[in-house]
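Single chain ahead, written as structure tokens, the form predicted on its own.
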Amino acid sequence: MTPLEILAAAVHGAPAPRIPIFCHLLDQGARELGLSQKQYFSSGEYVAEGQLKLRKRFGHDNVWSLFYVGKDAEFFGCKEILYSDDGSPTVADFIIKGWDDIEKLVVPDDITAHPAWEETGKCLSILKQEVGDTHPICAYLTASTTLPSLLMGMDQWMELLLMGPKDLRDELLQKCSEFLQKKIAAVRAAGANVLVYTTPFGTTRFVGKKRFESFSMPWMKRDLEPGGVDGVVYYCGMEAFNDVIEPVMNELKIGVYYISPLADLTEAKTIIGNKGVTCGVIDDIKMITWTPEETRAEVKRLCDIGKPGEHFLFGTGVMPLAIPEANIKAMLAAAFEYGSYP
């Protein structure tokens, strides 16, 4: 079976030789090609080549079309990105400097005609041609409630959200949601088949239960309803969200949940059962200092919890550049070993 077929088997609970195994190696692509981050992320060809080489060398199932999270801000006019030798690129200058700038914010009519799409489009085209029929191609979706933090900074966004005029807040969110709906359609059309929907506002540990129900859920519905949730993964960074899995399943119908290493995986697996896919995620921050033996032991623990009953995927989080290569290899070797079915 191809990795894409194995992923489909996990979704549907069908027989497969093993669980799907995802490893999110992103910034490592520049190092793989011997380029600076600025050089690497300037080219869709470079990013695609980096992803394909990393997948071939380490053997995991998925590739990514993500350059860096702040790239979404470029569609709204951001031109300054800060590159680093040991971390992900970030927005260096926020385009919303005051609330008056929200009214001036324009969502492109066709994001695929925008200069910010060009290299992403090239990357997806190459990935689709090379592995589109056989491997999961991941795209990153910044939720409408999260995108403002890339446009104005989290401090200013939280000030507007909690204390600012509601009509101004909603105007910004409507523009962000409109952009996201267009991005979902664009990445799907270009070949992405796994869409990682990302928001810290999707957990009550960030906003509280009342605000989750009255604020987060309606905007998540608005984001996702037009394009549907096929291939969508619910992800809140490394934050736990077990207490919202049931309402998200009932309201949004999302079928794949990327469980935080801070959460109780046994509890999450029990809640989701055979109604969706539970993703057991290793704490890859700790992998920076773990030994290969410690890494293997944690992979085994996750697989022992998640594999029974199928509907399970092994995955990683942010995979910092500081993780020793020996630990990446030990992790993946263990995932293939302990994630295999008889």
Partner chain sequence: MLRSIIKAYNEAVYETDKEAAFKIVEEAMKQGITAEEVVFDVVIPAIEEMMSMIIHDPDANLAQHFMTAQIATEVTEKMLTRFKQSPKIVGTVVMGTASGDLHSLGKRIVMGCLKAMMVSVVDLGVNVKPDTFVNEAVRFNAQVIGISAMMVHTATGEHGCRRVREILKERGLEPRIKLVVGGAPYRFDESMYRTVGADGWAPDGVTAAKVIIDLIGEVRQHDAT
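Just so we're clear, the structure is a prediction, and the values are computed from it rather than from any experiment. Positions refer to the first chain, counted from 1.
Keep in mind the form predicted in complex with its partner chain is missing from the figure; the text below concerns it.
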Can you tell me whether residue 205 touches its partner chain? I mean in the predicted bound form, with a 4.5 angstroms heavy atom cut-off. yes
Does its partner chain come within 4.5 Å of any heavy atom of residue 104 in the predicted bound form? no
How about residue 13: is it within 4.5 Å of its partner chain in the predicted bound form, going by heavy atoms? no
Mark residue 209 yes when one of its heavy atoms lies within 4.5 Å of a heavy atom of its partner chain in the predicted bound form, and no otherwise. yes
Given a 4.5 Å cut-off on heavy atoms, tell me which of 305-313, 41-49, 55-63, 279-287 is the interface stretch with its partner chain in the predicted bound form. 279-287
Partner-free chain; cross-checking its partner chain in the predicted bound form, the single residue of 78, 248, 238, 233 with a heavy atom within 4.5 Å is 238
Tell me, out of 100, 110, 133, 86, which residue has a non-hydrogen atom within 4.5 angstroms of its partner chain in the predicted bound form. 86
Partner contacts in the predicted bound form for 154-178 (non-hydrogen atom within 4.5 angstroms of its partner chain): 154, 155, 156, 158, 159, 162, 163
